[in-house]
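One chain comes next, on its own, written as structure tokens: the form predicted on its own.
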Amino acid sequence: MLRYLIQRFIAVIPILIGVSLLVFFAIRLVPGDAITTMLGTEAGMLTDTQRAALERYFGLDKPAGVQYVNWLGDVVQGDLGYSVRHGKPVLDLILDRFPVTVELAIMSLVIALVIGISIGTLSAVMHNSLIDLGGRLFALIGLAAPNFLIGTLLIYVLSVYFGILPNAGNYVELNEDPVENFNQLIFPALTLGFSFSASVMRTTRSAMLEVLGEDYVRTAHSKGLRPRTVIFRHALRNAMIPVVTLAGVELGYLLGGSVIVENIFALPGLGRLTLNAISQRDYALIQGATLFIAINFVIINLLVDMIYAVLDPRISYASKK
């Protein structure tokens, strides 16, 4: 296991370098620069000497290749750079916003898995029944409805019409007021979880239908085991492998920041921070946030591989060398 994890870590190093290269040079192809965006209309009043001094201060006076090498050297030492817009270290900004995104991602994932696995299992067990038809219709609506539409409808119906959804305002930390924090995050989590639950439902239903037709399931039935025992102890466990894969990928996206939902509900998360950094040409913040998101994907993929072994002991890491 340890040797496999080390091999995986080594294998993802080229991927992380490729991501950093792509983001570093792509953002510099966008018209405009960080200094002009930072100063706004006052940038036109700068003399050439003043602009050169600012570029030298932020390290923008060097060629792009030199800037990348210097930045990558700092990253290896744990320094993601300095945000010209916020006036703070990039790592501090990311760590300040990341807990909001983590909490939202976990709540969304739990909602999606509970709803999706329940409906998917029920649809598979009651194949071609009205319940199965209703489950497939639910999945179709969930996949077709975009997040911004669901979020906007929730705000209108629950906040404007019923007055039970708190309007956008100051975000309350979990350790300050857990109840208010939950009230602020439950509906954004439902918005994200609803769409994801549709994918989970379809995957669970498909995997369960395949597993229920296996010989060992029929053998379990022939031994006189209760249907509930066969479904949950034998069939569902083996059907969870594709669901775990789907959940791992989706969790990576959620931890990268749900840009649309965070903006709709005015949540100070990582996605909103990254979107603002792009519009403000905050190079260091964009590079640092993107690399941070890529590392999250790597870690989650490793955790998913470890969960595979728990769900199905037949999976051998030795065969993956």
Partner chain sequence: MPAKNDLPTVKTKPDFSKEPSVLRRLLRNRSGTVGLVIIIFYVCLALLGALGQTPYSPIEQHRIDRLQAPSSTYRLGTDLFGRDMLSRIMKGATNSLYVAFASVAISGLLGTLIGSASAYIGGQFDNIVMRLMDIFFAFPAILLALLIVVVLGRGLDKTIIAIAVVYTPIFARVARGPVLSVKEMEFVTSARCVGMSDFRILFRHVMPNTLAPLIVQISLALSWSLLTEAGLSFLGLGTQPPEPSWGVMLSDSQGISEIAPWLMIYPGLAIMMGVLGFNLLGDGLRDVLDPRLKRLR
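In this text, the rigid core denotes the largest set of C-alpha atoms whose superposition between the two forms falls within 1.5 Å. Numbering follows the first chain given and starts at 1. Small disclaimer: the values here were computed from a predicted structure and weren't measured.
Beyond the structure shown, there is the form predicted in complex with its partner chain, which is absent from this document and is the topic of what follows.
Handout entry: Partner-facing stretch of 81-89, 238-246, 137-145, 220-228, counted where any non-hydrogen atom is within 4.5 angstroms of its partner chain in the model of the complex
Key = That would be 137-145.
Handout entry: Proximity to its partner chain in the model of the complex, single hit among M126, V114, L174, L153 (heavy atom within 4.5 Å)
Key = That would be L153.
Exercise for the section: State yes only if every one of V19, V23 and I264 has a non-hydrogen atom within 4.5 Å of its partner chain in the model of the complex; otherwise state no. Expected result: Each of the three qualifies.
Exercise for the section: Determine whether any heavy atom of L209 comes within 4.5 Å of a heavy atom of its partner chain in the model of the complex, and answer yes or no. Expected result: It does: once its partner chain is placed as it appears in the model of the complex, L209 has a heavy atom within 4.5 Å of it.
Exercise for the section: Using a 4.5 Å heavy atom cut-off, state whether A64 contacts its partner chain in the model of the complex. Expected result: Because no heavy atom of A64 falls inside 4.5 Å of its partner chain in the model of the complex, the answer is no.
Practice task
Answer with yes or no whether V259 is in contact with its partner chain in the model of the complex, where contact means some heavy atom within 4.5 Å.
Solution key: Contact check for V259: yes, within 4.5 Å of its partner chain in the model of the complex.
Handout entry: Partner proximity in the model of the complex: L130 to its partner chain, non-hydrogen atom cutoff 4.5 Å
Key = Contact with its partner chain, no.
Exercise for the section: Heavy atoms within 4.5 Å of its partner chain in the model of the complex is the criterion; list the residues of 180-202 that meet it. Expected result: Heavy-atom contacts within 4.5 Å come from R202 alone.
Exercise for the section: Establish whether a shift of 2 Å or more occurs at the C-alpha of A284 between this form and the one not shown, with the two forms superposed on the rigid core. Expected result: Yes.
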